[in-house]
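Only one chain comes next, encoded as structure tokens, the form predicted alone.
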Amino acid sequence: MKQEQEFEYRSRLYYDELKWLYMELYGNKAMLDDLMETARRFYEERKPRLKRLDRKREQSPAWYGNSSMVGMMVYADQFAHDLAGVQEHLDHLKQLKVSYLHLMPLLKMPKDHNDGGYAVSDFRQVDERIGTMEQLSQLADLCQKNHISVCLDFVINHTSNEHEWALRAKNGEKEYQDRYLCFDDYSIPAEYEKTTPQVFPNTNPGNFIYDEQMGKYVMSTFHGYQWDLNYRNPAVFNEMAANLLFLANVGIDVFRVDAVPYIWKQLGTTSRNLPQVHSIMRMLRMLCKMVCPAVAFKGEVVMAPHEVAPYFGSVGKPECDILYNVTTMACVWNSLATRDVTLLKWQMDAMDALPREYTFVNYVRCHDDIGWGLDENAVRSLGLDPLEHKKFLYRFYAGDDPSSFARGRLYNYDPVSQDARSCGTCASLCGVEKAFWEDDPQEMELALRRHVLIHAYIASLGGIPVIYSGDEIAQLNDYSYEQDPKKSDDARFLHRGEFRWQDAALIHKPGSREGRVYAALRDLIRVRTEHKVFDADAWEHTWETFDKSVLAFERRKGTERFVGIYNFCEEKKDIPLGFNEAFTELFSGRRVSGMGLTLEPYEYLWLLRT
């Protein structure tokens, strides 16, 4: 097909549906025409390399779901000071066989209050402290040459109050005030507050702030310096879509679309998960299919599996390509604290009931806190009170429970609801920090086993396993944030410290904790990428082990049959799984029968039969 016909062909596939949704929301044909002209312009400006990639991925639309996709999440400035440093240290990722690099927010942001980059002041500039847009484009090109896909956050719900639109709104320009949810008095905000939950009731109570300069109330769901965009205004949708296409043309492969459920606000509702949100995501998806079909969407939807699934859309009308497996992450940490995998097994069963085409990001830690959003009915079925169990968990991971091996901090504690979240690096939460300071070799051994165990579990699931930068070397908490008045009230900076290259230099030192963890994670990635049974669309189901501390599950694809077995406690376990066939253990190469297995404390087995 001639290139000049390519955009027209793709547009014909999607235009009728796009028009229907756009007119339903906005009823403005002239703005729709402007949007299509913008899409055509970005198609024409797209690099030849990216257009070749578009055509390749059109032939393999689920390219992100194969077993070779293994990610790492990094803050460019914390990892290597800036984008130039990330480029210099790309070998660190290549040696680990990372094929998906999530660059945390790096667009222009306020100097002080920026929520870790989620308060964006300009969607078309890299923050000058991190680099330039040209450097981002160069890094994306280099990553693509090294078979590494680049993911970038796209903050869709809000801008910073230093964004040009916000500054012009403050100066009284009604056109820009209409791009936010601005009100002359508190009467309408008061109505919103009756039904709209608070995200941060302690640090940012309410959903509105009063801007003195503008003399108006502004909706700011997350923080007062993050102004929510008004997607009832077609100018907002058109310009945000243009920003997305601009970044796609820089060379971004995957967009982590931030805070998806929040983007449409409506009185009398929770302003969460409204039907218009799905229309907006579907329209953005179709625009990308016209201009840059190589691009995939990863939605940040932090909910239970049955609430998350709608954000994939339908088979005929997909929205997000990838979603976060946040409940499984919480269940993993619950299993370590309780030595009981029951909730984790039930969570796996819920995930396995979803269509196999659904692709999730699986992880043990990320830039954010651990929210204890466990299924309350499931918790009750175990004879536990949900609130008391949540309190046990966040106290355990703060190190306040006598049985705890963890060292962490509480985040966003609410004295009224007694809700709280947990922060800390994976290693510190697994006991490495405690064992280090107490100089206890036996506890260190158990802590390292925990750290590797949960990464092994995540690596054996379908979808995309993503490692949080620093976890590959068992990096400990960074308490320096407590001395910084700009950060001290946000415990998430406990695990957002600088990457310790002096520790990374120890990965080749025999017996070092850094070397043991790095080697183990490298082996997990190597084995995973060698077998299609780890593809996202493989069939999976859990097994009964008759031991609450041991999880087992099976995956099948083609001729490969995989069984993963995980001991989530510090006791040796004898597990009869009841199968006569001989499997090969993928790391040692030994032959294993399921009639009688012995697992050492926190041991895992990856068994394969072909």
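The structure displayed is predicted, hence computed values, not measured ones. For every residue, the number given is its place in the sequence shown, counted from 1.
Only in words, not in the display: the form predicted in complex with a small molecule, which the text now covers.
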Q: Look at the candidate spot formed by Asp115, Asp258 and Arg496 and say whether the small molecule comes within 4.5 Å of a heavy atom in all three of them in the model of the complex.
A: yes
Q. Of Arg449, His455, Lys390, His367, which residue is found within 4.5 angstroms of the small molecule in the model of the complex when only non-hydrogen atoms are counted?
A. His367
Q) What is the one choice in Arg232, Lys97, Arg492, His81 with a heavy atom within 4.5 Å of the small molecule in the model of the complex? A) Arg492
(Q) Can you tell me if Tyr186 lies within 4.5 angstroms of the small molecule in the model of the complex, counting non-hydrogen atoms only? (A) no
Q.
Does any part of Glu300 reach within 4.5 Å of the small molecule in the model of the complex? Heavy atoms only, please.
A. yes
Q. Counting only non-hydrogen atoms and a 4.5 angstroms cut-off, does Ser428 reach the small molecule in the model of the complex?
A. no
Q) Taking heavy atoms and a 4.5 Å cut-off, does Phe222 contact the small molecule in the model of the complex? A) yes
Q) the small molecule isn't shown here, but in the model of the complex, which of 509-517, 475-483, 524-532, 367-375 has heavy atoms within 4.5 Å of it? A) 367-375
